[in-house]
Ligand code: MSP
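As a starting point, one isolated chain is supplied in structure tokens, in the form predicted alone.
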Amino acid sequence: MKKFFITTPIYYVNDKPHIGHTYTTVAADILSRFYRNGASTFFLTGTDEHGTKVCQSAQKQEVEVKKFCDEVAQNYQKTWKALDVNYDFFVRTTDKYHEEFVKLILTRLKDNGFLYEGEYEGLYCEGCEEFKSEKDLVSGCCPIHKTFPIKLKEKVWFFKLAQFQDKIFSHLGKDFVVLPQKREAELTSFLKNEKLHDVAISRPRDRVEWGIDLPWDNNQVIYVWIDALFNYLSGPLSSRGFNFSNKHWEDILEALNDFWPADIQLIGKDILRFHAVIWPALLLALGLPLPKRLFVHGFFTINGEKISKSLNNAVNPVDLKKEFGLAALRYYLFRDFSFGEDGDVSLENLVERYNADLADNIGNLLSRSLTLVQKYGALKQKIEFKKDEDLENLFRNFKFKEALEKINLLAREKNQLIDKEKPWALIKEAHQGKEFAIENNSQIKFEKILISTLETLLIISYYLKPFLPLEAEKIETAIKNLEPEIVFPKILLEDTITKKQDINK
């Protein structure tokens, strides 16, 4: 059986789960559910729990740092459960297995000559927890946090990133593909026109106290981003019961072969360079293959505004579920926005999309077709299911919006067929007030229309299942039992303004 390994970024615990985190994680859930039909699938997510910002957040709440991390990690796990995200393992960077693995990896890199001690002087953004070059800044500020970086000079350990520039470039677009294509073009331009510099992989403990010790230098902690990247290896290994203590590198390599390289790693565009430059370089230094595909999705705004703590508009996805239902939320996020592009979330649009596509189109088709069967008698012909190659290809190419458009087109065409052919009139003509005595053209045509419609609904339910597992199963059950069911009850538009105000409080 083939394997399929998919990852999300691990989410920083100084923030609560919001719609942006939800987008990435549900996308991974959709893909993992699709590939589970025929592949041994492993879906990894988790939380990134080290660094200065985590300490600061814990201090503000007057909570011990580890306890703070425990509470936020649990919040993420509860959120994903509420949103029906079926991950296989939840990695935490403060867990012992991860810390042991990262220490082992850094020791390996040092022993092989890829790390050295030096002094770094530069501009440091505390919000990003990384050094910035002048080119990275806009009017002297970090473009993400809108703050001026501070000047720092400190003794740290470096990774020899510069020597991997040509190697990364040689893999790009071949065994290491970045999607959408515009992101790969952006990365190609960067590698062609910018010279890579060695990168600091540690911070002085007297400045960053919350992190993993460098194994050979207790005065230094491993830089949070370096530590976090290795979750993609430590998590799956730990899930298989692998014990990192007293293990030889050959044992680790053999265990990694069970799942690595990742088939797809989902990230936001703000962390592209970490994942498309530093991460590949670290893997190459370790003699490991690069992830097959890196998919970079866009950002969400809320009613035209960037999601931020200061604006207090980081909508809680669990609140959206409570107000509008999980089906409306999961469907809307992938129906209205092309995966890989930015999108603006509007609760009014969420309701309109749900009602138009799910309640009035797919739900209506299911109800009216099964009502006809129930009213005018059982079907004699067997209902069969066959995969749709167009939809298969759309899923494999991360075309979620296009897949949902195709699903809706299938339903719309069958609704139009029923409107045109009026099968209720055909069956009345065949009946002429009596039970079926002999087959006639009207009866045959009636059954052909209904069988075709129900087979289309089976296709719809199969490809809707990764997005809406519960509702898709309800559709399948209704067809199996030939019993009409309201799978998508309408949401009243007049309620949306009140709900929007409640959610944004």
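Source: prediction; values computed, not measured. Each residue number is its position in the shown sequence, starting from 1.
Heads up, the form predicted together with the ligand isn't pictured, but that's what we're talking about next.
Using a 4.5 Å cutoff between non-hydrogen atoms, residue 149 does not count as a contact of the ligand in the predicted complex. Within this chain, residue 300 lines the site of the ligand in the predicted complex, having a heavy atom no more than 4.5 Å away. Looking at residue 220, you'd find every heavy atom of it more than 4.5 angstroms from the ligand in the predicted complex. Although the partner is absent here, residue 369 is not a contact residue: none of its heavy atoms lies within 4.5 angstroms of the ligand in the predicted complex.
Every residue of the trio 24, 267 and 270 has some heavy atom no more than 4.5 Å from the ligand in the predicted complex. None of 321, 275, 110, 293 but one reaches within 4.5 angstroms of the ligand in the predicted complex through a heavy atom, and that residue is 275.
228 is the sole member of 228, 365, 358, 233 with a non-hydrogen atom within 4.5 Å of the ligand in the predicted complex.
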